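Just one chain follows, in the form predicted on its own, and it is written as structure tokens.
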């Protein structure tokens, strides 16, 4: 593979829709790409997976065999992926010159916080991996919501130690004013701190002051990829960062040099 992008984030942020839209956009640009569904419990995915973990792992079978409920079965299933790494790698072998988009489980903890996940990422990517953390634009439009998304983003970076991007999805659902406000927080922790202190003034928020200050030094505040999976906007920026990391930007330069 040319490189792999593991898409993760909280439930409901539109990870699977983003994965499908990114592949569709890349295909329109004649860039070879595939999607791998890594969610054994997905009842519906909004794309046709090229490789699907559900071919090897069945949540209903795990529930029956181990006498578990849905949540327990999901945990077992996430760890069982390691038992199927050889099968997954064999399937990936047919796509040597492709970008691979990995759609991870809908519940962030099933992918991001399980010990097996970092092993899986290295094994499936050949150490050619990036992480896309998908944040919900509506949640991120308040200072406290933005901070909560950034803290989760930081946990992802610390868990996988891979190049990562912060993708603000569903930008079509918030105003341009809200988007500019979020961008101001990204570029200035002072602005974020001021707006956070003004949010619900009756609350005690002093314990967050040092956390916000640490954002500046931690590398968490770099760039926001503003995306709408529905409108397929902003995907060129996601691909540009992928291309820059995996091939020094050669694909991106070739694609846009005539524009």
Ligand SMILES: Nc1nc2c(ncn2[C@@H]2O[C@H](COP(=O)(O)OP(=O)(O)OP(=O)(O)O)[C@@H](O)[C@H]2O)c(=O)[nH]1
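Numbering follows the first chain given and starts at 1. All values reported here derive from a predicted model rather than from experimental measurement.
Omitted here: the form predicted in complex with this ligand. The next part is about that form.
At the 4.5 Å threshold, heavy atoms of residue 86 stay clear of this ligand in the predicted bound form, well away from it. When this ligand is considered in the predicted bound form, residue 106 lines it closely, a heavy atom lying within 4.5 Å.
When this ligand is considered in the predicted bound form, residue 181 lies well away from it, no heavy atom lying within 4.5 Å. None of the heavy atoms of residue 193 is located within 4.5 Å of this ligand in the predicted bound form. Judged by heavy atoms within 4.5 Å of this ligand in the predicted bound form, the contact stretch among the candidates 27-35, 224-232, 57-65, 205-213 is 224-232.
Checked against this ligand in the predicted bound form, the residues 177, 172, 90, 96 give one hit for a heavy atom within 4.5 Å, which is 172.
Heavy atoms closer than or equal to 4.5 Å to this ligand in the predicted bound form belong, across 149-164, to no residue whatsoever.
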